[in-house]
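Only one chain is included here, represented as C-alpha cells and corresponding to the form predicted on its own.
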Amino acid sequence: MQTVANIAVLVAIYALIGSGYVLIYRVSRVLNLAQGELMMLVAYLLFSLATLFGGHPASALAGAVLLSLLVGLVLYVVLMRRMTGELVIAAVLVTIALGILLRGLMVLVWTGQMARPLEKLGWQNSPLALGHGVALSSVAVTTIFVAIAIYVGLFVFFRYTAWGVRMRAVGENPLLAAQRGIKLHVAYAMAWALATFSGGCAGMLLALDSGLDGTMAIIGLKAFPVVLVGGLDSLRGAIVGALIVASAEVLAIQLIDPLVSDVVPFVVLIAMLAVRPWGLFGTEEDIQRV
C-alpha cells in the first residue's frame, strides 16, 4: 500500500506539471520547453515571499499564486506574442532559450543553493498515518488534493465557461475563431497564465516537501514524456500518462535501482512513440514521410 501511496503523490506532481504543457499546446500548438524552469521560478518566488512575510504564510502563498499567473501573462505579452504566426519550431526554440535564461538568472539571484520555504513559513511537514502501514508527509497529501482540485477546475472551466469554450475553439481552428470575434491573443495569454500557475503549484509543493535547489527543472523535463504518452492536447491524457510513467518509475526504483529513476520516463516514452506516436488520447495528425 505504501507503494500505491508513493505512486499517487508522483502522479499528482507529474499531472500538475503536464497540465501546463497541455494547456499551451492545446490552445496555441506550441511546446513550452521552459515549463520546468517556470515551476522552479515560482517556487523561488514563494521562498522570497516567505522570507518577506515570515509571520503571514497565507499572504506569502497568495502572493506566489498571483505572481505565477502574472509571470505567465508577462511572458506571453513580452515574448511569445511576437512569435504568433511564425514557424512553430521558432516558438519552441524561443522557449528553450527562455528556459536557459531563466535558469541562469535564478542562479544569479538565489545562488542555486538549497532553500526551504517551509521553514520560512513556520510550518511543520508532519507525517500522516493513513492506515494499513501507509504514511505520507502532510505536504504530499496536500499535493494530491491540490492536483485533484486544479484538474476539476480546469475541466469545469473548459466545458462550462465562455472563455473556456473560446480557448477550445482557438485551439481547434484559430482562423475561424478570429473570424467569429474571439480575441486570439487573450486566449493565448490565458493559456500561458494557467500553465504557469499549474506548473508553479507543483514547484511550490515540491519545494515545501523536500526543499528547493537548481535541479528542480529536471523534474519538469521528466514530466514531458507524461504528456507525450497521454497525448499533447489532452488533459485526460496527462492524468493517464502521469499514472503510467509514475507507476513505472516507482516500481523501477523499488525493484531495480533508484539510479534508473531519471531514465524510466523516457523509456516509457520511446515505447509509446513506437506504438502510438500521438499518445493515448492525443489527436492523430497526418505525418508526411519522405
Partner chain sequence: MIKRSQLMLAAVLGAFVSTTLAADSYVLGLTGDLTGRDAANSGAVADGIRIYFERVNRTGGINGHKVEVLVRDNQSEPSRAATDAQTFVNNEDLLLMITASLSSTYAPTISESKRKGVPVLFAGGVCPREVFPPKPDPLLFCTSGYAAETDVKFAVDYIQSVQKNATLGLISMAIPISRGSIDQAAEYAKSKGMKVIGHESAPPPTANYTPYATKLKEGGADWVLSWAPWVTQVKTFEALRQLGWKGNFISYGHNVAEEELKRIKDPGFLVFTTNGMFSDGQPVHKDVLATAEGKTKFPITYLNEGWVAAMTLEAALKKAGWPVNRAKLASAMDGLSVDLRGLRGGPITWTKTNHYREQLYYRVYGWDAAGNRIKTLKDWTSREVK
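A quick note: this is a predicted structure, and the numbers were derived from the prediction, not measured. Numbering follows the first chain given and starts at 1.
Keep in mind that the form predicted in complex with the partner chain is missing from the display, and what follows is about it.
Contact check for Q254: a heavy atom falls within 4.5 Å of the partner chain in the predicted complex. Among heavy atoms of P258, some come within 4.5 Å of the partner chain in the predicted complex.
For M114, a non-hydrogen atom is located within 4.5 Å of the partner chain in the predicted complex, even though that partner is not displayed. Among heavy atoms of I13, some come within 4.5 Å of the partner chain in the predicted complex. Listed residues V107, V141, I148, V77 were compared with the partner chain in the predicted complex; V107 is the one with a heavy atom within 4.5 Å. Only one of L194, L154, L206, A187 comes within 4.5 Å of the partner chain in the predicted complex through a heavy atom, and that residue is L206. Comment: 219 to 227 is the region of 237 to 245, 44 to 52, 219 to 227, 59 to 67 lying near the partner chain in the predicted complex, near meaning a non-hydrogen atom within 4.5 Å.
Along 190 to 217, residues L206, S210, G211, D213, T215 each place a heavy atom within 4.5 Å of the partner chain in the predicted complex.
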